[in-house]
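Presented as structure tokens, the chain that follows is alone, the form predicted on its own.
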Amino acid sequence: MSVNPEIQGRSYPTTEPYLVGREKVREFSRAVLSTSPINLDPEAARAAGYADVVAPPTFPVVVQEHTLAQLLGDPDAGIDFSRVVHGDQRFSYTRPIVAGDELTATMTVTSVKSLGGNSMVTASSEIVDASGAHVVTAISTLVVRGDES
């Protein structure tokens, strides 16, 4: 089954709130080999003007994962997860993510293209804080490999 091009433009429900924890930020920072004190030490983050530790720039994938699960679980999308390869990831920030933020995300499928027998699905997840203020937009492109002949 190929990806349904009619999902282009589809938006999915806003995710449940995700509370950014200090230890999650530290764990993620260590996993991506960040040595920046503002990612690991609350005092260093406060000295730099932040309320708590600051998440590394790629941390929004943790929140975006919940939106992508909606897309991958949508039977109308026609996406076979066993054929998915992550093609591209981008972030556009209004402000950094800080421990203590409560974030929700809403995803829209912005593009569905066919290329060389594969499908390219691009989705944009708008991530906002508890007040509804924009924090970051996470844009992912998934490559769904076509049938092998």
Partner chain sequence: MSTLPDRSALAVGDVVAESSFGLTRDNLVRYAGASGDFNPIHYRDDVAASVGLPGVLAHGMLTMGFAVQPVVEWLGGDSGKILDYQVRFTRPVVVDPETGAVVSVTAKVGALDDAGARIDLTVSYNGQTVLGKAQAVIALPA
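The shown structure was predicted, so the numbers you read here are calculated from the model rather than taken from an experiment. Residue numbers count along the first chain shown, from 1.
Missing here is the form predicted in complex with the partner chain; even so, the following discussion is about that form.
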item	value
Three-residue site Tyr50, Gly87 and Ser92 fully in contact with the partner chain in the predicted complex at 4.5 Å by heavy atom	yes
is_contact(Ser34, the partner chain) in the predicted complex, heavy atom dist at most 4.5 Å	yes
is_contact(Thr110, the partner chain) in the predicted complex, heavy atom dist at most 4.5 Å	no
Ala69: touches the partner chain in the predicted complex, heavy atom cutoff 4.5 angstroms	no
Non-hydrogen atom contact Leu103 with the partner chain in the predicted complex at 4.5 angstroms	no
